[in-house]
Structure formats: structure tokens, C-alpha cells
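Provided below as C-alpha cells are two forms of one protein chain, presented individually as structure 1 and structure 2.
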Structure 1
Amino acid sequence: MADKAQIQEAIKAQGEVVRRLKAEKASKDQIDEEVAKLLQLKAQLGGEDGKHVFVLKTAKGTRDYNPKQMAIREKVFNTIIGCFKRHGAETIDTPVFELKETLTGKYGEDSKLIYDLKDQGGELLSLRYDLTVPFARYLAMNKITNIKRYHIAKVYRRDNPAMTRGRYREFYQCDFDIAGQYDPMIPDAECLKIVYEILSELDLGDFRIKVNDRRILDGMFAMCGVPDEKFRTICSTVDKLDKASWEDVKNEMVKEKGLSEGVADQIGEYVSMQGGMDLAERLLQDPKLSQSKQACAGLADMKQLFSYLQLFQVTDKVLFDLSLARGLDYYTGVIYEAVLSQMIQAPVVAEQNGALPGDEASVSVGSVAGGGRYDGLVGMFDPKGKKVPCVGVSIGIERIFSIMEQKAELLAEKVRTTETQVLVASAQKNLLEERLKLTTELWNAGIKAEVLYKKNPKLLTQLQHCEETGIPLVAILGEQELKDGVVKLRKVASREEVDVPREELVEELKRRTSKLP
């Protein structure tokens, strides 16, 4: 370990780095990274008594969630789970880590982001990268050929994420999948309907669901002259079109992936096309694409998909987009991605970073859902290569959380972090036992109740607690109420009070709380 003087010099130099970045208004992620290095150096010095000083920070790409954030998350989860259940899904769970070989070779160029763990008793393990590959392993291992399931759990990616845009190393995924042999495009259309319902219900602003088909892409690549062995890597490059310009994407195809400019230009003509069922019909007549059997099969399915989407009443939000590629290797057919079609605007209600009330503030976000058909993945795990056709969708839950949190902040929304329906309070001293008795009665009746942990709290303190935490009702006990066999029920918002007979209190509370939002 370096001596104290060297560490102090290093601290001084690192402090200069942090100050310079702040003066240059560098990104928050960059500043946080350098501040973390500074804290680690300071920890090496130890405290005044020479003891080790802990660096109090979360690991890179992770975060803590406070009660307000968790309340928003629970609301979003409830909306999503409600939709999944409405469509008949059951739920499963799988381990947070898998055998490394289970995950290897399933994610294309993103495989480098898998978190590998140290050898654990002879097993090479990795943290799960998504919920789809573990689901396919689960189906093959348990010989399941039909299931409609949802799974909500954390996944891990060894990325350098932009946390300000809802990207992390540890994050939740919300997946809905339909496995089984069914007639074409019916399950696929239902997955798109689910995305439509969830994004509409969450009220995130206008959105579009882009759809394409891997077979159309592969047929297009073949007809344009892309070598077979480069299909997947070119697919990963095309997938960057939502974040990069065509010139940058073309540059990568030609200079890094070795395509000729002529081939790249032909691809460019196709990936600029967008439309609906009409585009599928037009491409079926295209001189080049019509020569590809797999492209024609994909286009025929696209036409069928749009006919079902019309019945599901979602075509106003769905766009057939030939630039959509989705870089994961396991997709075999229809692919889709939902994006917010505009920045979410919210009025600034207080001065923030020099902004004035009345100004508009933007909440920036990318794709908020994605998925597709992966008919070959289960067969990779089955000893006999038996295939189980699958289609699914993953909701980009962390990005949705980021939007909801920023909206709540920008609009200064008051978010309730508990569900307490009534506070049991006292108007005089020495009534703790009576408060505890009544609270127990309410708990036993299934009513969400609280009591302050003080023997003799002031009534004003108890009422203020209700206002601060959003508790709508107060059940007040006093000496006179006890003599009369009643409880004074107070509505916090309007301050209306009414005496309720003790034996009728539970029913009265149930009646009132059933009407609360």
C-alpha cells in the first residue's frame, strides 16, 4: 500500500480532476465516476483513529429507491401485471444466475455484456442477461410445450450505462411470452395489443409500435449481396439506426464490417421504408425481395398480422418499419419495438437550474418495449433439438420509471408512500391502551391502520401526521367518547367530524374506504 504522503498527493490530483469536470459541465455519469475514485482514495487514508472509512455509494450502474420512487414503481407494476393477468398469463421465476454455457452465444455482439462469476465449486456461472433465455431453458428442461407466462425480475448487464436515461447494470424486466404451436400471427398480434394497452394506461404520451420481420431483413440482405456469415453482424449495425444517422451506420457497415458501398446503399434504400399493410403488399411485388422465399413468407405474415391488429383496434399506433432490426441473435420472425413518438413535456413549477415557472421541461427517453418471435431458442437446449415456437414482449420498465419519476417531480405531484386508511388518535392523555385496543380491532378486520408510537401525543401532532402522509381518516378517542361508546371519525381533507358507535366503526370505515381512490 502506498504511504500516506503519496495517497494525499493522489487525493489532491483527483480533486483537481473533479473540479475541472464540474467547471466544464461534464456529464453527471462522468463526474460521479471521478468522485467515486476520489472517495476510494480518501478511504485508504482512514479516519482520524486510523480505522478504515467505508465508501458510502452504490455500485456503478445501480441505485437505491426511496419510498416515493417505490410507490411510483408499485403503481406501474400493478398496471402491467393487471394487463398480463387480463390476457390469461401465469407467472414463473428462475434463478438469478445460470450456467455460463446456457447464456453463451444467444445475444450476438451483446454477449460481451454478460456478467461472468468466479468458478463456484466447479460450475462456471453468469448472471442472467435477460428473462428470455432462462425461460427457454426452463421450457426445455421441464418438457413444456404450451404456456402463456409473465415474469418480472432483475437482470444484469456489464454495460457503461447512461443512468440519467433509465439505463443501469442491474434493472428489472417485465416479460410476457406465449409458447406453443398455434396458427400464424394470432399470439404475435396479442403481444402487440398488450404493449398498446400498457402504454395507453400508463399515459406516457403518444407512442408508436414499430414492427418488422427477421425473414424480411435476411431476404433483403441476401438480395442486396450481403454474405450469409455477415447477416447477424449487419443486423446489429442496422439496429443502431434509432440512435445514429444513416451515414454513421453505413460507415460502420463499410469500414468496420467490410461491405461494399454499393451493397450498403441498396440496404439504405430499403431501411428508409415505412408504412402498414400497404407496404407489405407493395414489397411482395418488389423485383428483388419477391425472389426471396423467406422475405415473401415474412411479408405474407406481416399482412396477416395487420389484419388481426385491425380487429384488435391498434393499427393507429403500429408502423411497419424496415429499419427495425433488434440485434439479439435468437429472433426468427416478427420483431417489434415501442418508442415514444415525442419528448414528454411538463411545465416547470419551480425554479430549477435557472428555469422559470411556465417554462417547458423535457423528459428524454428511448425505446420503452420490445420483443419478437424466437422459434429456435428452446430447441438449442432440448437434447433432441425439439422446437417450441415462442413469441414475447419485454416492457422497458426502468425507462418507464424514469419518465414517471421525472413527471411527478416536474409537476410537483404528491405521491403517497403508504396505504394507511385511518390513524387511531387520542384527544387526551393516558389513552394509549385504548388506542392500541382499537387499532388491533381494525387490523383484525383487515383495515389499514396506524397509531403514533407515543404514550401521550398531542392531537395536533397526530392530525399533522395525517396531512403529511396523506392518511384520509382519523378515529379519535377521548374520555367522553369512551363513556358514550362512540368514536369520533374525522375526514382529514374537509375536517368534517361525526360520532360513530364503536360496534359500527369497522363497517363505516369499510364503507368510506371503498370509495377512496
Structure 2
Amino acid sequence: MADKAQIQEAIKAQGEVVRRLKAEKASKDQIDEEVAKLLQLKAQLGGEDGKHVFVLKTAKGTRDYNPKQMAIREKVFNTIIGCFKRHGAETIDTPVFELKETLTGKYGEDSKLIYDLKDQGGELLSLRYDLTVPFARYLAMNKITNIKRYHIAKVYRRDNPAMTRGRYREFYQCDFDIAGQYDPMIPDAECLKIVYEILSELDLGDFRIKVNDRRILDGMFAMCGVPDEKFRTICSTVDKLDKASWEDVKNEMVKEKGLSEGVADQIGEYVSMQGGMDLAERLLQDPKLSQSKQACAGLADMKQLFSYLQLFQVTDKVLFDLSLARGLDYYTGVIYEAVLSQMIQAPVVAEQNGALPGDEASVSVGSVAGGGRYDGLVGMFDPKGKKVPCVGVSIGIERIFSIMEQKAELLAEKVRTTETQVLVASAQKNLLEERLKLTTELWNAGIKAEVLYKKNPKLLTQLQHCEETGIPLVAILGEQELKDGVVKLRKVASREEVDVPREELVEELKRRTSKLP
């Protein structure tokens, strides 16, 4: 325990830091951070009675999920996992931290965003940054050459809040990958089919899946005159085309990355091209591109991909787009990204939202899934360098959650946080025993039931509980009903009531609840 006097000194010093930042009108995030440190120091002193007082917050960049958010999350996961299972995928899980060693050297510049664990005398550990490197480690460790797996779990990145405000540091990733040597492009096509199915079922509105190929990009750069060593950096510049204009991108290529205007213009002609199989066929005839073996290989595979996509009935939303140049270094072949359309129509019905009927509401934009082929990664982990080709996709689950949460709010949708089908209630006093007996019968029959923890609750209180939590039915017991051997079954919303013989109640409830959505 640090000396009390030392803590008090530290509090004084930290107080000065906070005052200075406020006077300098520093950013809110910086001030918040220093204030939190100050509060923590103060807390160490304790309250007057020595009671431990502390700051009630989650770590920066992390958040709790409340029951409503969990209910939405569960629906989204069920849809996504249902799709993965429909396609025959298995699932695995890996630890939240890996040996620091395992993650080192895999993420390039992003490595500074990795959370390390304190050296407490054992192995050096870091929190996982994504699910792909753990996957490659798992494959190499277990000498697996073929697997179709999905993995949904949280990953950790120490994003600098000043630069990327609003981004969480702990967030879900939802990955689907097919590892193994197969006849070309069939697994790649299945990945796209899966993205298509998921985005359709989640009802997020219209979307497009852009596809391209690293070999086509590299071949294009080579034929346009980009020096080899600049490929990757020009790639990241081209990648900005989804957010910036061609002028800005060309500017960066010429002024910052040192390309000649002529080379930049040539790139510009290609990256404006979009199409389907027809574009791949046209480019195979292109005088420049056809001279690159790499580009031709990529284009031939693109044609093959589209032929499978036609059989998989997804070509209406897939676009071969030469401006797609995804960030991560480890892609070796096809790459793709799914983007939602700009506006989602949301008929606002609740008056209290203060909107007029027919108002449109714009909900988030941006990429909701991305991935590609990465044939070299597993080989980096294998001591003999044995290659295991992989193709996969990562679904942007957090973005999808936030869109669904916004949708629910806009539509004033009631999100239930429990699945209870019936509340067992009583109108009169001294019927707790009977209520508990009936509830037990229902639980034993697998019916989702609740009962209030009160010996003599008012009927109104019990009905209010149903209304607040969305329980659709209430089974009411009373002296007369018990004598007659019946239960009053009431629909909470309509107040329609009917007497049901006790021995038929379970069956009646199962009948009614199987019709519910």
C-alpha cells in the first residue's frame, strides 16, 4: 500500500494537470482521462470511515450490454449462425490472450494497438487482435489441412480515441473461413453466397458486394508503371476511394507517394471500372492488362467465380469493382467487401418521436462484411512452412447491432428481454401455495412461466408486470376457479378471458404459444 502522504502529493499534482488541461481547452477525451486518474487517486485514500469508494465506470472503449441489447444480439447471432450451420460449418473457440510471440509481426503498423498483459513473472501475453491469426495458429498447432469453421468472439484493439472517436476497444468479430486445397473458386463463391444470405435475412435493406483480386490489382499497377516496392502503399491509397474523391486519391498518389501524373491517370482509368463477368472478359482482352500473367490469372478466376455465383443465384448484388483494395497485407487472391445502401426507409409511427408520418430516417452507412483469400498465412506458423490455403469473411457485427438498435428505436419496436409466455397470478390473498404449484407444473412441462415473489400481490401489480415485460398471457387462480377445477386464461393485450380446465391448461398453452412468431 502506497504511503498516504505520497498519494496526497500525487493527488495535488494530478489536480494541477487537470486544471491546466481545462484552462488550455484540451480535448474532452484527454480531460476525461486525467480526471479519471485523479478520481482513482482520491479513491485510494478512501472515505472518512475508511470505506473503499470507487469510480463506477467500465474501461475506456468498452461497454456493458444491457438485456435489450442482448436480446437484439441473440437474434442477430441466431440468424448468422443458422446460415453458417446451413452450409455445414463447425465452430471452435480460442483463449482471449495469446503468447505475445504469436501476435508479433502479423499486423504491421497496427501492432501498436495490441493490449499487452503485465509481466507478472510468467509468459508474455497479449489480448487477441483478431480471430484470423489465432485460427492460423490453431490450424498449424493441430496440423489441420481442411476445415470449414466459424468463430464469433470479442477482440481487443487499443484504438487511440482522439483519432477514431466512437470506436470500441472491445468488440465482436464474426468470422467464417474455409481452409484447404480445393478445386478453385468454389469455396470462394460459397463465402459470397453466405454473406448474401446473412445480409438478406437480417433485413438491413439493399446492399452490394464488391469483389476484386489482389493479382488483378498488382498486375494493373505493374502495367501502369508503378514500381514494385510501392505496390502496397499505392494499394492503401486506392482503398480510400470508397470515402474520398478521385481527385484527393490522385493527389495523394502523386504528391505523397511520388507517382507521376501519367501513371496515376492510367490507374484512374482502371479503378473507375465496375461490372460483372462481362468486365472480366473485356479486361482479358485489354492490351495492357493481358500482358500481365498475374492479372490474367486473377481475371480467369474472376470469370470462374462469377459462373459459380450465377449458379448460387447471387449475381444481382455482386459487383466486380477495380477500386476495391482492402487494407490487410495477407490477402493473396480474391477480395470482397459488402456495403449497405445509403438510406433505409423507416416509417416512424410513434408520435413521441416528434416526427411526421412518412419521414425517412437515415441509419448507418459503411462496410458490414469483408474478406478474401489468404494462402500464405498458415504457412507462416508452420515450422516446415507447409501452406494451407484459406478464404474467409468477417461480418461487421458491431455495425449491424448498432443499426438494429437504431431501427428498433426508430420504429418504437418493443424489444422483449425475456421469453416468458405466461404469468401465474391470483386475484385473492393466501393463494401463494396454489400459484407455486401451478407454476411448477408449467415449468415441468417446459412452459416458460413466471410468478411474483409476493405472498399477496394485487392483481393490478401482476398485470402491470406483464405489460412492462411483454408477457402475453396470464393464468389467474381464485377460490372459485380452484373449486371448479379451472384456470382463467387471459390475453394481456385484449383482456379476452376464458376458463380452461386445469388438466388441459398445459396443452392449451402449448397450442397458443406455438402460433406466436
Partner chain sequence: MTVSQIDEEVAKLLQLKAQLGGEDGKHVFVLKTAKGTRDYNPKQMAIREKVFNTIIGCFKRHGAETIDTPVFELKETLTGKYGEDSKLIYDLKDQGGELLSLRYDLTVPFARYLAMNKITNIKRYHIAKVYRRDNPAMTRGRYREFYQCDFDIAGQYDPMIPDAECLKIVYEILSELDLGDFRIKVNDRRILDGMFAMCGVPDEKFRTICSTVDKLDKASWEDVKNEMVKEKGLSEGVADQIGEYVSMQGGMDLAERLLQDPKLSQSKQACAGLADMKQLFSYLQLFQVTDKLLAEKVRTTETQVLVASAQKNLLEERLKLTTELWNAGIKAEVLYKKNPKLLTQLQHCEETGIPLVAILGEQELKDGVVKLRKVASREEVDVPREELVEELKRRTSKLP
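Since this is a predicted model, take the numbers as computed values, not measurements. For clarity, a rigid core is taken as the largest C-alpha set superposing within 1.5 Å between two forms. By convention here, residues take numbers in order along the sequence of structure 1, the first being 1.
J.: Would you check which of the pair is the form predicted alone?
T.: Here the form predicted alone corresponds to structure 1.
J.: Rigid core superposed, CA of residue 459 - does it shift 2 Å or more between structures 1 and 2?
T.: Shift of 2 Å or more: no.
J.: Is the shift of residue 420 between structures 1 and 2 large enough to count as movement, that is, does its C-alpha move by 2 Å or more after the core is superposed?
T.: Not so; residue 420 is displaced by less than 2 Å.
J.: Taking the rigid core as the reference frame, tell me whether residue 225 has a CA displacement of 2 angstroms or more between structures 1 and 2.
T.: Shift of 2 Å or more: yes.
J.: Once you lay the two forms on top of each other by their rigid core, how far has the C-alpha of residue 27 moved between structures 1 and 2, in Å?
T.: Its C-alpha shift, to one decimal, is 9.9 Å.
J.: With the two forms matched on the core, what distance in Å separates the two CA positions of residue 244 between structures 1 and 2?
T.: So the C-alpha of residue 244 has moved 2.8 Å between structures 1 and 2.
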